[in-house]
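We begin with a single chain expressed as structure tokens, specifically the form predicted on its own.
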């Protein structure tokens, strides 16, 4: 009997899954497997919210597969050992998987392919998590884009492929005798306790969230995405795209249908802006794939020489939401309590850490990966390097957000700030982002004083960058 294994990684769904579909076409029997990789579980970049979301998505996946007559095999160990062993047990002639572009994943997949090949088993990898891979959208001279705007124009000039068919019901019954570990009861059993409430996880929840967003909320995305107090202003789909419970092809196909029924210019603008955010995701994926050194240091290598002057206690205050700057503190407390942060706030807190507190962007990048449910190396790294001014298509080093004016612009009545900083509940709107100026001193004593002065730190930041630029130019 012709048997193909499908190795689930960042594609935890049964619909619109390229490698799974190809495995079903290639064999009379598909053997779905998920492997707990100890190297990933032990990584300092992995945290409880992400592991917990993954675990719940696996429960959903196992149920969806069972409904189609398939059985998810769960094992733990080195993937090359697990897959070689399972291929021998099942008589599979090939292992199918969707490509992952992170440096560790590429090294792992090379080991898996070599181990399988030594035993006559093929390893077949497919494009799936992005529309266009690292060298499919190139400049006119054949180079890789490092600036987003021309990349997005070239990206949009191509036709997006249609979603892949849903996995068909099993033609051959699953074999109960193949060993499979039970899914852990909680992320704690995997060494990653989760202390936040989770987004609804799994393919069904992801598709429901997508459809609810496209049913009308997408039409105000152009402005709502910048308002942190607007809970419906963003799609909240990032965890589903990160773990592949929703595929980007499906998202774009359904966006196209929603856009066709929009009748207002504001609505059309909202659809376009959301599409642009999906293209940013692809842009950062191709940056990581083509320039893997960004996972270890600055894209612009000269900025690895920056002499970050920040203090350890400043970093601790930033993590805890105790800097004395309300919009920063509210954002960090939200992250710590929920595992998620609004995109505008991610930019504000990242720029504050790097350009006000003068702490390396790599410290913040790792903290985000540990706390975010949607932590994704490419997107997270790209966002941090943009904010720090060290990356491709980055904000210039001299662009430094003022945390007070950012709060006043995007949370003018302090709705978001008051939600997460009850100490400021009685401060009037005009002082909620600068409580130190309130003549009535209605700021609760428990709210901290500012740990730095923005104006002073801005000048220190400029000197820090100019020292590196001067050394390079000399």
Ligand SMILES: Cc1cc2nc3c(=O)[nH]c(=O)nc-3n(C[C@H](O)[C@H](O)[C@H](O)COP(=O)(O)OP(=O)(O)OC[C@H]3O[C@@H](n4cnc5c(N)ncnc54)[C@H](O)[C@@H]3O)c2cc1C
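Positions refer to the first chain, counted from 1. Since this is a predicted model, take the numbers as computed values, not measurements.
Not on display, but discussed next: the form predicted together with the ligand.
Self-check item: Triple contact flag 28, 90 and 95 to the ligand in the predicted bound form, non-hydrogen atom at 4.5 angstroms
Solution: Negative, none of the three is within 4.5 Å.
Quiz item: Picking from 162-170, 177-185, 98-106, 366-374, which part of the chain touches the ligand in the predicted bound form when contact means heavy atoms within 4.5 Å?
Solution: Going by heavy atoms within 4.5 Å, the stretch is 366-374.
Exercise. Would you mind picking the one in 243, 325, 274, 352 that has a heavy atom within 4.5 Å of the ligand in the predicted bound form?
Key: Among 243, 325, 274, 352, a heavy atom within 4.5 Å of the ligand in the predicted bound form occurs only for 274.
Quiz item: What is the one choice in 392, 227, 362, 234 with a heavy atom within 4.5 Å of the ligand in the predicted bound form?
Solution: None of the other options qualify; the answer is 234.
Quiz item: Might residue 146 be said to contact the ligand in the predicted bound form, defining contact as any heavy atom within 4.5 Å?
Solution: Looking in the predicted bound form, residue contacts with the ligand do not include residue 146, since no heavy atom lies within 4.5 Å.
Quiz item: Heavy atom to heavy atom, is residue 387 within 4.5 Å of the ligand in the predicted bound form?
Solution: Heavy-atom contact with the ligand at 4.5 Å: present for residue 387.
Self-check item: 4.5 Å heavy atom contact, residue 286 to the ligand in the predicted bound form
Solution: Output for residue 286 is no: heavy atoms all beyond 4.5 Å of the ligand.
Practice problem: Evaluate residue 347 for contact with the ligand in the predicted bound form, applying a 4.5 angstroms cut-off between non-hydrogen atoms, and reply yes or no. | Solution: Heavy-atom contact with the ligand at 4.5 Å: present for residue 347.
Quiz item: What residues of 377-397, in sequence order, lie within 4.5 Å of the ligand in the predicted bound form by heavy atom?
Solution: Contacting residues: 379, 380, 383, 384, 387.
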